[in-house]
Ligand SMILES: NC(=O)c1ccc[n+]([C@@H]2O[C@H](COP(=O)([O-])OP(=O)(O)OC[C@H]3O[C@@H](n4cnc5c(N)ncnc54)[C@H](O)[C@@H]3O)[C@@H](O)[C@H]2O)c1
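The data below hold one chain only, encoded as structure tokens and taken in the form predicted alone.
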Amino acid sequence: MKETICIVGLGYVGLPLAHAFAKAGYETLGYDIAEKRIGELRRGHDRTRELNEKQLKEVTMTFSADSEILERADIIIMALPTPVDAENKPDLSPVESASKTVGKHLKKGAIVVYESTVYPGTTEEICGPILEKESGLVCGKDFFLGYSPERINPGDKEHTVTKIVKVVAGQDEKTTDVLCELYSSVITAGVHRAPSVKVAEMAKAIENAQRDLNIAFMNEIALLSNKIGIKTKDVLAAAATKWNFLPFKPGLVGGHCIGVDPYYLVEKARQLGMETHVIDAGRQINDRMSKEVAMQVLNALDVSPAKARILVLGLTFKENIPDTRNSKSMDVVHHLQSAGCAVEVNDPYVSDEELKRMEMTTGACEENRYDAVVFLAPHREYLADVQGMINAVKKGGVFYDLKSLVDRDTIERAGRRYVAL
């Protein structure tokens, strides 16, 4: 008989995973503290756009904001955010709070699996004791711990949850066996059996830290290329002709993973009395890029900032998703506003309600309206109407193309000035 699975946290990670288990025939429960989110899912609506209405209704999943649902689960999978605070210190409060709730409803023999990105030791040294305290059960005897880091790429319809190799670890061999069998039943790409929970935790953290460092290098190269007076796009195209050149590109690093996870490694090193240098350097470069982008726009204007009207296209941290968490696009907006510019924003994936909450002024690609259009998140809707974006810029104005996706000659033939990172 298959286990009953409960997914805690029904966001970008938890919901697709719940769907995969339900599709494989498991009794699948979903718990989230957000009652509004539960109501939407019951009605067949996923605001993250990871699943469509048909996918939500093709399987049987039980969604609830009542924590008593946890008592039915044989295996509880924690898919929760692990952000950083204002000082870039790891904030484990979502995971700790959820662990307290789960502990209160934990049944004997259950396995609790964490999928959140954490620093090594978190699952066994922080979460395990919380579960013990709240449940009155003994970890490793009455219940068991596992760790299988999420690898969801929001908005990616090709590399979906079942098509990405899953790293799996349990606190002992038997638990690892159970979890490998469980995940293997839904992950068609297969599983990688890690020798310990700490190894799996560390592996996840370095995946995103590695990307952060590579992008930081490209950002520094972009800034240097601009100083020299050559095009970053041309430099990368030439370098990419070598077979082992890594094709990373410059840009803004936001979101809930790449711009956050390195700080978890920094924190663990600090706890152990070790200084990190390379990781810190990468973070410093990427954290300052929103200001660098704003300065490039300001320097390109042919009017004073106080007289400039600017449209920023794309507020989400990446294209074709509605996720604005830790988005550096908003930092660009704030830098431009601080310089005195009148800034309007547009994003087809961000609701009017959220824009109002962020105190943003909305705008649109109206002809000859702006001194500069700043193209940050390349949503498919924008790329389908490149001419509309160009026409929104006044003659002689600036079209800023963060990712060098629009043809420079097209911009310049239209009488606008082209600037790119």
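Residues carry their position along the shown sequence, with the first being 1. All of these numbers come straight from a predicted model, not from anything done at the bench.
Beyond the structure shown, there is the form predicted in complex with the ligand, which is absent from this document and is the topic of what follows.
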Q) Any of the heavy atoms of residue 231 lying within 4.5 Å of the ligand in the model of the complex? A) no
Q: Decide whether residue 8 counts as a contact residue for the ligand in the model of the complex under a heavy atom distance cut-off of 4.5 Å.
A: yes
Q. How about residue 358: is it within 4.5 Å of the ligand in the model of the complex, going by heavy atoms?
A. no
Q) With the partner left out of view, is residue 314 within 4.5 angstroms of the ligand in the model of the complex by any non-hydrogen atom? A) no
Q. The ligand isn't shown here, but in the model of the complex which of 201, 212, 347, 115 has a heavy atom within 4.5 Å of it?
A. 115
Q. Looking at 398, 13, 20, 402, which has any heavy atom no more than 4.5 Å from the ligand in the model of the complex?
A. 13
Q. What stretch, of 29-37, 361-369, 382-390, 54-62, brings heavy atoms to within 4.5 Å of the ligand in the model of the complex?
A. 29-37
Q.
Need the contact residues for 89-106: heavy atom within 4.5 Å of the ligand in the model of the complex, sequence order, or none if there are none.
A. 94, 97, 98
